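Let's start with one chain on its own, the form predicted on its own, as structure tokens.
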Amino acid sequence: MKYMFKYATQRILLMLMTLLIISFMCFVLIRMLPPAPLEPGDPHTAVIEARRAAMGYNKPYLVQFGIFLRNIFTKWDWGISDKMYFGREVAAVFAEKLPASMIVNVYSIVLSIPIGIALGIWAALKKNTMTDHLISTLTMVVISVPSFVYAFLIQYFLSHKLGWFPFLMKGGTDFFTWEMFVSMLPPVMALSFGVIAGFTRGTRAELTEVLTSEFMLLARTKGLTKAQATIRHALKNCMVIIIPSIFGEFIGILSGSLIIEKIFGVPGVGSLYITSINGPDYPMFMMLTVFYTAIGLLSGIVVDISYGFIDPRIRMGSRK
């Protein structure tokens, strides 16, 4: 436990330092773009100019970044949108958009993980057979194709040709109604293909290695059937690798999918991010950048630390 605590502390400090560096780089890059032009005769021009002056837009980038951090740490103020959602706090807009991204990703993960693991187990048990070759080939093809390609295929065949689903996700916050669920299925399916393929490949590779290990041969010589040895020993050892991956996927729920959300009109944080760059809307972009970066870094830490809890033999941070 001592080693685990030390390791976790080191990783969190490293994460914060990395987050700070990435945030500063993105801050400078977005501020190098000219701000959104003000419309002639706009009654809000004076307010916008005063706000930009308060944020130090006419000062060096390091000073501007210091003002940005000071407002966050002292007032939890991420800024006011002056382009996309004029006059609204970007934190409030973000909180409003986040549930749509989360619910779509939750559905995709709940659908993908059992299917991916089941296909991986099936392929491993049928190693070097036609079934294994077919699953492995399809897995590599699916992983190689970008998710937006599946999005267009789903829209063309399932929405346009067959008319089973709407082209775009239904608006509103009634996420648990049948109409909303049906409208969510196209983006859920588009997100699921890659996750299913990833878990299939990982499970197949890990389980194949475990099934050919010496302790499995010993289990068979003690009288266990292949099914009993697989369930009691092989799958248990295989889960040491698979379960941390599941944790990482669930942490990634918050991040959403930029392209998929844009294609299917999901009113989530993904489409918000793209629009903030096109604006440009500096405060919105920076909040989303910090959020996405933090989620990615946190996911890696959770995956690494979970190894030690799942398998006590793994002592993170120990040299022994």
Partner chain sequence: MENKYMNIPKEKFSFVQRGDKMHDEKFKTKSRGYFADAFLRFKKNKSSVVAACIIGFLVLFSIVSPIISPYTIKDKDKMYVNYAPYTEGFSDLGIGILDGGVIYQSYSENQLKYLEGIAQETGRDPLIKILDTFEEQEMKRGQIVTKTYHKIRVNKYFEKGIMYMVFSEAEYDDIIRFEQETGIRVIYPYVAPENLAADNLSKDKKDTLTRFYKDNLNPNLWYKVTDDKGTPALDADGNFIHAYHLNPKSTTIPGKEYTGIRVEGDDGTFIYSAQKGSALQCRIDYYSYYQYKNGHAPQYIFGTNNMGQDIFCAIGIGARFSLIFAICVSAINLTIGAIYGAIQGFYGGYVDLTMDRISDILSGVPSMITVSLFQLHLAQKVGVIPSFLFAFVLTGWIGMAALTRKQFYRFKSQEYIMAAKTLGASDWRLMFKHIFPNSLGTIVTSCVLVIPGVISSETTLTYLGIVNLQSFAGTSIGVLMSQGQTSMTTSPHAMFFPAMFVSLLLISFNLFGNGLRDAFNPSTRGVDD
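Positions refer to the first chain, counted from 1. Take the two forms, find the largest set of C-alpha atoms that superpose within 1.5 Å, and that set is the rigid core. Note that the structure is predicted; figures quoted are calculated from it, not measured.
What comes next is about the form predicted together with its partner chain, which does not appear here.
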{"item": "Among 99-107, 118-126, 184-192, 160-168, the region lying within 4.5 Å of its partner chain in the predicted complex by heavy atom distance", "value": "160-168"}
{"item": "Contact of residue 288 with its partner chain in the predicted complex (heavy atom, 4.5 Å)", "value": "yes"}
{"item": "Partner contact for residue 58 in the predicted complex: its partner chain, 4.5 angstroms, heavy atom", "value": "no"}
{"item": "Partner proximity in the predicted complex: residue 297 to its partner chain, non-hydrogen atom cutoff 4.5 Å", "value": "yes"}
{"item": "Residue 277: touches its partner chain in the predicted complex, heavy atom cutoff 4.5 angstroms", "value": "yes"}
{"item": "Triple contact flag 8, 135 and 239 to its partner chain in the predicted complex, non-hydrogen atom at 4.5 angstroms", "value": "no"}
{"item": "Selected contact from 92, 205, 145, 243, since only one has a non-hydrogen atom within 4.5 angstroms of its partner chain in the predicted complex", "value": "145"}
{"item": "Residues of stretch 132-159 in contact with its partner chain in the predicted complex (4.5 Å, non-hydrogen atom)", "value": "140, 141, 144, 145, 146, 148, 149, 152, 155, 156"}
{"item": "Exceeds or equals 2 Å, Cα of residue 295 between the shown form and the other one, core fit", "value": "no"}
{"item": "Residue 26: Cα shift of 2 Å or greater between the shown form and the other one (core-aligned)", "value": "yes"}
